[in-house]
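Given next, in structure tokens, is a single chain: the form predicted on its own.
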């Protein structure tokens, strides 16, 4: 019989920790008298009480590790439970949203999607703005740990390719995850502090620098203004671009650098592929804007650098409405949102390594057509790639496209036009942020959508953040029998 108690124990502890962190924006609101302090105090009390009760009720089942079923269930349920309670400050206090809007905002924050239903952000209490940034910061470091400690063991979407990075967690998920989280959290914190300092050095006010650093390093995309990053054009765009690129690289490479070995970073195939892709697209968009839009070279480069990096990394910041640049940039940015950064980073979407493996598989098939009797072994970064990895990656691509199609159909049935439905489904599933069209495009937000649409998009964010199959497997009979 399936034992839920080990899962409940861990989720309870996570909720207690989440509730405790709500006291930070509470203190900010009290200190600056912005009027939202009581909301966070009540939300923290409810979250800590519920989480503590759940942990105590499950405490007699603590084990050294989790089995495969429990690991899958913990991965999904923790990412579902945290937004449920993270939404409370939005529901109880400013901006006094409906629970649907509050949950959408919390899910968008925790999954580092960056889509928002709120407007007039400049008028929200400082504690609320800080909480939006904190949610994304927690979600960013959380997904790194999940990606490096859990997904390789669960063999999700080809992530087992990275088990050789020293994160073999089978049979000892929790102890190893704690060790991983410790090393990664140090680097994550160092990058965040460095980002805060860099933003302040280029003239940004400290509070904006603080919140934007939380959402930059997490590649989340929440900002303190309705204009997104359009309120900070100029030097801050260069700072943001640099740190978004750093956050898009595998954090395990930073751990190795911290321990004295920098070669793995420069030899990493997906790092090279990601940086080459980013540079090529930035230059392409720069020249396009100079030739077809008649913009100056510095402005064209800066805006291309920032917006390409933002969408490619899945951050979702917008400094200008790129829909005004013409049809080509719109199509390019839509496709960029489906690429993503490196595995083991804070990035979302399909990830660059899966495209590499897809091209390797295509190349293999072409060789087999030319030489039917030849033997062609797939290799990635100089290592042989097993059939299980290749089939897992191909299954991920199929599941991603099928899910995108089904979500788009559902959204059209709920009343959205074709462009809004497809781009909304894509941006939620890829955890990017802005969609296309006048309503959810770079200059809009998701607040005007109906409640059923928001729940569908929230579900899509969860699916995309957890690599689809981690969630789908819970709906199979075999999982519960195993």
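Numbering follows the first chain given and starts at 1. These numbers come from a predicted model, not from an experiment.
Quick note: we don't show the form predicted in complex with a further copy of the same chain, though the next part is all about it.
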note = Heavy atom within 4.5 Å of a further copy of the same chain in the model of the complex, from candidates 243, 334, 325, 103, belongs to 334
task = With a further copy of the same chain left out of view, choose which of 265, 181, 77, 399 has a non-hydrogen atom within 4.5 angstroms of it in the model of the complex.
result = 399
inquiry  = Check for me whether a further copy of the same chain, as it appears in the model of the complex, comes within 4.5 angstroms of all of 38, 192 and 287 - heavy atoms only.
reply    = no
Candidate stretches 78-86, 390-398, 213-221, 116-124, one within 4.5 Å of a further copy of the same chain in the model of the complex by heavy atom = 390-398
ask   = At the 4.5 Å heavy atom threshold, is residue 473 in contact with a further copy of the same chain in the model of the complex?
value = yes
task = Indicate whether a further copy of the same chain has at least one heavy atom within 4.5 Å of a heavy atom of residue 368 in the model of the complex.
result = yes
message = Test of understanding: in the model of the complex, would residue 42 fall inside 4.5 Å of a further copy of the same chain by heavy atoms?
response = no
ask   = residue 417: heavy atom within 4.5 Å of a further copy of the same chain in the model of the complex?
value = yes
